[in-house]
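Below, in structure tokens: the form predicted alone, a single chain.
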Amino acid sequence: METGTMVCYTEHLTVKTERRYEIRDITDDVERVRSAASLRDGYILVSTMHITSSIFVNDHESGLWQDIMAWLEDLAPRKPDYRHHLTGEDNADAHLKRMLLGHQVLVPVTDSALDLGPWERVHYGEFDGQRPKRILFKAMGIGG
């Protein structure tokens, strides 16, 4: 049984992408938060605070990133005839793409390390970019 001090640590990161559609590996940011929280055993919630972006876990490989973006475009193409566009917006596809990849993940921490598989990395997916958006990191568990 783990003993130690209960940790609950929150941090926000603001990102601004260069392109409308972009994937970024944010695993190093998750590790930075783990270290700042002195989290030894628990979880880090990583959540995008915007309805047109995503957080997901997968391989850091450029061909896969291109495949992900192509797959998302097949399932939720950028096109002018979404009903959402009647509000004056042009980003309905971004909302749908976000739903496909999800908006948050829980990253386990064991023995003061992110407990990810050998190829797993945490990613931020942007589908309506070029403006500041925030990511929430919340570390919870046993510190030490």
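Quick note: we count residues from 1 along the sequence shown, nothing fancier. For clarity, every value in this text was computed on a predicted model and none was experimentally measured.
The same protein also has a form predicted together with a further copy of the same chain, omitted here; what follows describes it.
By the criterion of a heavy atom within 4.5 Å, residue 58 is counted among the residues contacting a further copy of the same chain in the predicted bound form. For residue 21, no non-hydrogen atom is located within 4.5 Å of a further copy of the same chain in the predicted bound form, even though that partner is not displayed. By the criterion of a heavy atom within 4.5 Å, residue 78 is excluded from the residues contacting a further copy of the same chain in the predicted bound form. a further copy of the same chain in the predicted bound form is approached by residue 120, whose closest heavy atom lies within 4.5 angstroms of it.
Contacts of stretch 25 to 46 with a further copy of the same chain in the predicted bound form, defined by any heavy atom lying within 4.5 Å, are made by 36, 37, 41, 42, 43, 44, 45, listed in sequence order.
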